[in-house]
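Let's start with one chain on its own, the form predicted on its own, as structure tokens.
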């Protein structure tokens, strides 16, 4: 992806976009596997789909798929549609025509976290348990010490890590079944991301810091000094940097070489209006998107240490970001219910 943030066009004008207002806050957004469709999980139970092409007409709203709030959404790793979770305890496979097939139901539970692997596996955090669906089979793992607050697959898809109170648990889900590995650290862990090279697992904690484990050695490190809880984590495609939310500028911890111990994070870009609520590293290039609690959206370039504004602050916190597989489109949702697709090709 070639973007020159020093180009005056990026500094002076906002990129082309399509915006759609709805009546419910946005919990999550995702692109389909082929990148041609984008979807948003809404607070009224809808999974609202629209073409990724900003010039294409947006379809009318469809009836809600969840009986309460749609809380989680990912692209379907085994099809062209999506997978959603809600506070009705259901995990749904949603086709591009809007029809839904139930993968899992746990009455009285909330499905707040979903993850997928390119091998077709889908993981869902449901209360204190984690469920994995693959090839028509659903397996349960747990219970954990508390509600699962984040989960992610290993690089090869053979393991899933779950965040919970007092640490994380890594489950073997491949053909070789191994006992779960427990990585302990006191306190509440509220977000989790496995590094793209499979070597590290990072969590954000209730204590306004982040914690990172080296998976092979089971050693850990702690990075402190955040003004708020770190609820969004994103690794670069090459795993050289870990981006974190809860700062007014882009904040990246270096993991190349000996790692970040004893080093300050790399911080760059123009200070935004407020604190970042969501960060999303580009799927292939050295760019990163950051959404703020003020509604501002920035695009950063770690190579040049520059950033540009993609969306002005409007007082409505950005709640989700998602890159299209090709990296030229960015989906954005906020707590007012605005759905935004930005086209970065200029």
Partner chain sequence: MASPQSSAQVPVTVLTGYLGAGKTTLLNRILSEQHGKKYAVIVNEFGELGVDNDLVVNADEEVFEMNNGCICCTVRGDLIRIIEGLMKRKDKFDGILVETTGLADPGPVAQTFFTDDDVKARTRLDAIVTVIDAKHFFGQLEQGSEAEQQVAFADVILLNKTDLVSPDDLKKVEDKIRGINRYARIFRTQKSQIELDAILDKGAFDLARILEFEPDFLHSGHDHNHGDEVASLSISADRPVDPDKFQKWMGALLQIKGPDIFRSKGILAIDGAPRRYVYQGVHMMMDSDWGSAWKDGEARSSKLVFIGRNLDGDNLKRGFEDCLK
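Positions refer to the first chain, counted from 1. All values reported here derive from a predicted model rather than from experimental measurement.
From this point on, the text means the form predicted together with the partner chain, which you will not see here.
- Residue contact check for residue 335: one or more of its heavy atoms lie within 4.5 Å of the partner chain in the model of the complex.
- Among residues of the shown chain, residue 44 is one whose heavy atoms approach the partner chain to within 4.5 Å in the model of the complex.
- At the 4.5 Å threshold, heavy atoms of residue 110 reach the partner chain in the model of the complex.
- Contact annotation for residue 24: at least one heavy atom lies within 4.5 Å of the partner chain in the model of the complex.
- Considering the partner chain in the model of the complex, the lone stretch of 49-57, 64-72, 279-287, 299-307 in range is 64-72 [heavy atom distance within 4.5 Å].
- In terms of contact with the partner chain in the model of the complex, the residue from 136, 262, 179, 227 that brings a heavy atom within 4.5 Å is 227.
- None of 188, 169, 154, 247 but one reaches within 4.5 angstroms of the partner chain in the model of the complex through a heavy atom, and that residue is 188.
- Heavy atoms closer than or equal to 4.5 Å to the partner chain in the model of the complex belong, across 256-282, to no residue whatsoever.
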